[in-house]
Every structure is written in structure tokens, then in C-alpha cells.
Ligand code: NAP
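Take a look at this single chain, the form predicted alone, given in C-alpha cells.
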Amino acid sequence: MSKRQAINVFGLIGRNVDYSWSPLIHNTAFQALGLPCVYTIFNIAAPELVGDALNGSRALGISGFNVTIPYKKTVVPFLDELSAEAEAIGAVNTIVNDHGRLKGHNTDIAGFAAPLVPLAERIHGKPVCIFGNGGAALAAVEAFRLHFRPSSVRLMVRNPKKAEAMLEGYAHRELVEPRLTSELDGPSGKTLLGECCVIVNATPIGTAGRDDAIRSVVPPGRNLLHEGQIVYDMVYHPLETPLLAEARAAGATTISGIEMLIGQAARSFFIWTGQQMPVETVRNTVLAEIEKSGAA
């Protein structure tokens, strides 16, 4: 890359997300392909600042963004256009700046689905369970609907109003069965979770550095997980969360959030650049860095 060449700037919009591996992922890919691009983090302290940030990106010519917790829905009113996937769930995790016109995409759907594809036959016609009430949870619902055809999606939430807010405007809400996490503490908890062939954590619980880093979304000591289940944690820092450790001990198949992270990043990368991300190079670089940092 020439030192005089203009550099395209991309970044991650979120709050307190300095732990993210996204800069390493995208900068590794840019460097591998020799693209004049750089990726950084934009921490936005409060939702009321999101509009100002996006308007500023138009003026500054920032090329694009990923969007993470808690702003995947917050950004939507400030965009000029949405892709079909983003429109379907009302949440955006990828933004393209096309000469001042901002278009929102959702690559979480494809990224979430990717590691489950080899297991699709185990999922068809059976109930699945998702913990969470935000954009990532809804992306998982849509991914299950589009690619895996479960009999139902049990949405585990602490507050039913948040479940209703998440599902507002979603065209396929008949697939979703909101349930309270408090039910897991009762006699029906084992059946409620045990019948599900896939259990997904779409909350930040278990993320390193948080107050709830040592917690799992599944109540401890109840033996609610079992062999034959697929347990998928969207949290990727650390690679093995408390939920995944419990699932592995129970004999379940486990999927780390790093798989979704790289999957959705590869799709974002293609949307921004028109080129395929060198996924194996990226994966090897990220795993080596995680091992070096002790984050695994």
C-alpha cells in the first residue's frame, strides 16, 4: 500500500467493546489481500449519541461499520436503506456508506447459521431455545426459520415486555414461544430445556470482564443440559464460557461464539469490499492471539 494512498476507514459501533476481536479479524484480512483499509473501534457512550455519530460518518466519509450490543436496533432510524434481512428483523449489524447514503445489512443471520449447517438434520422439526431479547436473538430466530425449520423457538426472557418489544413487527412471530427464565427453576425446567435440540445464548452473560462473567444463562446444579443437545454461545470472549463448559461436561455438542463472529465478519467483509475474506488466515491469526492472551 502506497503511503500516499487514501485509506478506507471501517469500524465497530458499540459500547465498552474494546475487548472485541473485530479489528484483528478485519485488519488481518485487509493486510492479507493488500487492501488500503483499516478497522477500529468506535465506543458510543449512550443511545442518544448514535444519530450524531452516523451523521458525522457521512461527513467524514467513513466507509462502513459493524454494529454490536446495544445498538443493533438503535441505528435503524438513522439509515437511508435496509437490506431484506435487516428489514425482516429490524436490526442491523453492518452499515455501508455509499457516498453519504447509509445502507444497513444484517450478516448475523448468515453468520449464526454457518456452524449449524452440518447439523441441520438434527434440528429439523424439533424445538430450539434462545436466551435473549435483542437484535442478536432475533437474528438467531430468523436463521432457524430460514435454514433449519424447527418446530418452535422457545425464547427465554426475564421480562415478557422485552420479548414483546423484540418481536414487534416481526412477520413470523407465530414460530416464537416466549417463556420466562424463572420457569427453569421450577419442576418444568428440565422438560422445557431438555426437549430442545439446540440451546443458544444470545445475551452477553459469560463475557470476560463483566460482573456476570462466571455465570451461565442455565441455572447451575439442575443438570438441565444433556448429551445429544447442541449448545451455542454467541459470547466469544472467552472461547469456552461457563455455559459451554457445563455443556461439554454434559456431553453436548458445543459451538463457540468465535464461529459466528468470523462467519458474520466474512459476510460484512464481502459487502464492503466485494472480495472473499481469507477465512482460514483470519481464524488462525485470531486463535493464536486468543491463546497468547490467555483469553481462551
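Bear in mind that the values here come from a model prediction, so they are computed numbers and not experimental data. Numbers follow the displayed sequence, beginning with 1.
Below: the form predicted in complex with this ligand, not depicted.
Original post:
Tell me, which of Pro115, Pro204, Pro127, Pro178 has a heavy atom within 4.5 angstroms of this ligand in the predicted bound form?
Top reply: Contact with this ligand in the predicted bound form is made by Pro204 alone.
Subject >> Among the candidates Pro150, Gly134, Gly189, Gly90, the residue which, in the predicted bound form, approaches this ligand to within 4.5 Å (heavy atoms) >> reply: Exactly one residue meets the criterion: Gly134.
**OP:** Could you tell me if all three of Phe144, Val231 and Ile255 have a heavy atom no more than 4.5 Å from this ligand in the predicted bound form?
**Re:** No, none of Phe144, Val231 and Ile255 comes within 4.5 Å of this ligand in the predicted bound form.
Original post:
Of these, 195-203, 77-85, 221-229, 116-124, which stretch puts a heavy atom within 4.5 angstroms of this ligand in the predicted bound form?
Top reply: Looking at the partner contacts, the answer comes out as 195-203.
**OP:** Consider Tyr236 of the chain shown here, and say whether it contacts this ligand in the predicted bound form, taking contact as heavy atoms within 4.5 Å.
**Re:** Because a heavy atom of Tyr236 falls inside 4.5 Å of this ligand in the predicted bound form, the answer is yes.
**OP:** May I ask you to check whether Lys72 falls inside a 4.5 Å heavy atom distance of this ligand in the predicted bound form?
**Re:** Flag for Lys72 set to yes.
Original post:
Does Ile62 reach this ligand in the predicted bound form, with heavy atoms at most 4.5 Å apart?
Top reply: Flag for Ile62 set to no.
Original post:
Does the 4.5 Å heavy atom contact test between Gln264 and this ligand in the predicted bound form come out positive?
Top reply: Output for Gln264 is yes: heavy atoms within 4.5 Å of this ligand.
Subject >> Heavy atom contacts to this ligand in the predicted bound form at 4.5 Å, residues of 97-114 in sequence order >> reply: Stretch hits: a single one, Asp108.
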